[in-house]
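The form predicted alone is given below as one chain in structure tokens.
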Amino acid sequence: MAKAGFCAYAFDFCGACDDSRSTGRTTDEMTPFTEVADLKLVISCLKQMEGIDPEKICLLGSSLGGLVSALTAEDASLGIAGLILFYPAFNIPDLIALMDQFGDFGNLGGGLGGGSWGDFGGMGMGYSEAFCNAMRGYDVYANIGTFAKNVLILHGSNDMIVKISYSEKAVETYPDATLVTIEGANHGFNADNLGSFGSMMGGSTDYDSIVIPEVINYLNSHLK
């Protein structure tokens, strides 16, 4: 992003993982809505930084970060200029409902009703009871779609965790959205995203040569 002339700001959400460098809450307290609050604070700080045009801030989030970015962009007072989502986890309420239905589901979780959502496939995606309670029965699509500027969604055709149909529905929900399908990609656009899990069922190799030009083209078209 920097080489293309854009400032990229990356950060850890409070309580997002056990080794987060951000403080303020634990992983047992984190929910998508606490992350929305965190992101709004980050945006507020960015707008005051030297060299930042407060009218041209774009959000880019992947998976859970995509859900959080989408929910945050709905706040019109923030004046977000663009929204880029990588395989956004709009399916989390459905996954929680599935876990509720089947209870203790081996490695997929320890029964959402009685504590944390275990470790999804050994990937470190454990969600707390607070997280699950916050998203249980939540209608994502009823809470997105008022963001009027163009939305770019990139999603792998072989995504095992968030089916591309969730992004297809999102494109229908937004007034101006484009879905780019990354053929063959899993939940992540290069092999480092998911480690050994990424190689399963035609998983991710390295799609940066496809993804990054799409992102740069979007930024050039909507922020410059």
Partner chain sequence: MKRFAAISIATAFAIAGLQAQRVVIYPKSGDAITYNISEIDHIEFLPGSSDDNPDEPSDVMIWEEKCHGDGISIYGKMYRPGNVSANVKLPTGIQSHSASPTADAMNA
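These numbers were taken from a predicted model, which means no experiment stands behind them. Residue numbers count along the first chain shown, from 1.
Just so you know, the form predicted together with the partner chain exists too; it's not on screen, but the next bit is about it.
This chain is displayed without the partner chain, yet in the predicted complex the stretch 39-47 from 151-159, 39-47, 66-74, 173-181 comes within 4.5 Å of it by heavy atoms.
The partner chain is not drawn, but in the predicted complex it has no heavy atom within 4.5 Å of E214. Among residues of the shown chain, T205 is not one whose heavy atoms approach the partner chain to within 4.5 Å in the predicted complex.
Among residues of the shown chain, A16 is not one whose heavy atoms approach the partner chain to within 4.5 Å in the predicted complex.
Proximity of L223 to the partner chain in the predicted complex falls outside the 4.5 Å heavy atom cutoff. Contact annotation for 8-23: residues with any non-hydrogen atom within 4.5 angstroms of the partner chain in the predicted complex are A8, Y9, A10, F11, D12, C14, R21, S22, T23, listed in sequence order.
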